[in-house]
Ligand SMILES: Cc1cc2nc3c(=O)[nH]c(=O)nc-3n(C[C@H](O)[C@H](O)[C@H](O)COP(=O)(O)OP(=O)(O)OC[C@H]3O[C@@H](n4cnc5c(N)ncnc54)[C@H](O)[C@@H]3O)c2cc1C
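As a starting point, one isolated chain is supplied in structure tokens, in the form predicted alone.
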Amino acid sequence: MLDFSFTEEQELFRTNLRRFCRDRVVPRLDEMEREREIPDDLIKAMADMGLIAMSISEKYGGTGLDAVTAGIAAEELAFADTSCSIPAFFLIQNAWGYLLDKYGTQELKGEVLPMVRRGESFLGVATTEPDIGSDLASMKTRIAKDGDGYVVKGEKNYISGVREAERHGGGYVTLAKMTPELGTRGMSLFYLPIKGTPGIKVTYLEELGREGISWGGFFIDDVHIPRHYLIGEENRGFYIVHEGYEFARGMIALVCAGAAAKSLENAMNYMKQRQAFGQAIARYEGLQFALAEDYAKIEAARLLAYRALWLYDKEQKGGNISRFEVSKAVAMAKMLSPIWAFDTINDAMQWQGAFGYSKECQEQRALRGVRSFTLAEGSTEVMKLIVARELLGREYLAYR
């Protein structure tokens, strides 16, 4: 029998988190947008509540919570912060903290994870380059053996959290080519610290939304890293990194659904109050039918996302689930949720008339934030390729 219920512990977690968001997050949204950062005391409060890198093991300060529970957190944070700044901050460190915990050396994990967990440093992912996104095979950044460690040279761009890593400390789960002639089979994954590292030069970009978390890149000029910074085996980085991306994509689908659900709530409240031609506009079928369709799509997106994270958990724990089945499920959720959420939020703005186009209407934050996730952690088009690949077979891949 299918079971669509959450556990008692998960329901309690959701209730407590929603209360935390109402009391601590919502009152700071204007400040975050104005100052373009998440306040330090709010990060500390999130850490104290156990939200940052919550999926890492207890040995390093985490709780080892499952992917579905992480999805609950992502959804609730987005319901509160529809700009998606705090949700992005959360999901990035949760996904890549988990991956580093699983594949990193004991020395590296002890050095990095406890500080990330306490909110004292930032951990992100760096794969994209100025002209390289999902086509990782064309990556130009190189890593080579160098004495007792490795030397890295290249450039990464369109990376979240660069200011946080430069200001507070921390670094990135980074991908580079080690054996270029092997293509994706010759890539290695490693930890690259940012703050105070000779040869690192950080650059900044201005995002359309998500003002609370920074965006930019960095040049890597012959940076030496120790051997224990390697994550997993040499030349296995391409395969390892996708486990982190799949975790992140499942949470992203719930971030989009959470932000859209809040927009629907705001719009419904407005529709009940706003009068036109002698009655509340909520009485008009044109709005009711669109509302029903949007609500159903967001509910469908939630179910796809939770199923994908459930499958991810099963596969990670050694269950009888294939990696490709997880990839397809996650890609379906990530393919549909940002688009459906964007359309829903846009409808919510339309229903609120001229007010919906004003900066006073928080749906403009949600629209800009959710738009990023049609690109981040794999574009919508790449998600479609993944789903089609699993349906038709790899022999039908157009890019081979």
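What you see is a predicted model, and the numbers here were worked out from it, not measured in a lab. From 1 onward, residues are counted along the sequence shown.
This next part talks about the form predicted together with this ligand, which is not shown.
Chemist: Work out which of F219, Y245, Y295, Y270 lies within 4.5 Å of this ligand in the predicted bound form, going by heavy atoms.
Modeler: Of the candidates F219, Y245, Y295, Y270, Y245 is the one lying within 4.5 Å of this ligand in the predicted bound form.
Chemist: Only one of T128, S121, N266, S83 comes within 4.5 Å of this ligand in the predicted bound form by heavy atoms, so just point that one out.
Modeler: Partner contact (heavy atom, 4.5 Å) among the options: T128.
Chemist: So which stretch, 185-193, 131-139, 307-315, 113-121, is the one near this ligand in the predicted bound form (non-hydrogen atoms, 4.5 Å)?
Modeler: Stretch 131-139 is the one.
Chemist: Taking any heavy atom pair closer than or equal to 4.5 Å as contact, tell me whether I159 reaches this ligand in the predicted bound form.
Modeler: Flag for I159 set to yes.
Chemist: Is C21 near this ligand? Define near as a heavy atom within 4.5 Å, in the predicted bound form.
Modeler: Heavy-atom contact with this ligand at 4.5 Å: absent for C21.
Chemist: Within a 4.5 Å heavy atom cut-off, is A376 in contact with this ligand in the predicted bound form?
Modeler: Residue-level check for A376: yes, a contact with this ligand.
Chemist: Does W215 make contact with this ligand in the predicted bound form, using a 4.5 Å heavy atom cut-off?
Modeler: Contact with this ligand, yes.
Chemist: For 203-218: residues with a non-hydrogen atom within 4.5 angstroms of this ligand in the predicted bound form?
Modeler: Residues within 4.5 Å: E207, R210, W215.
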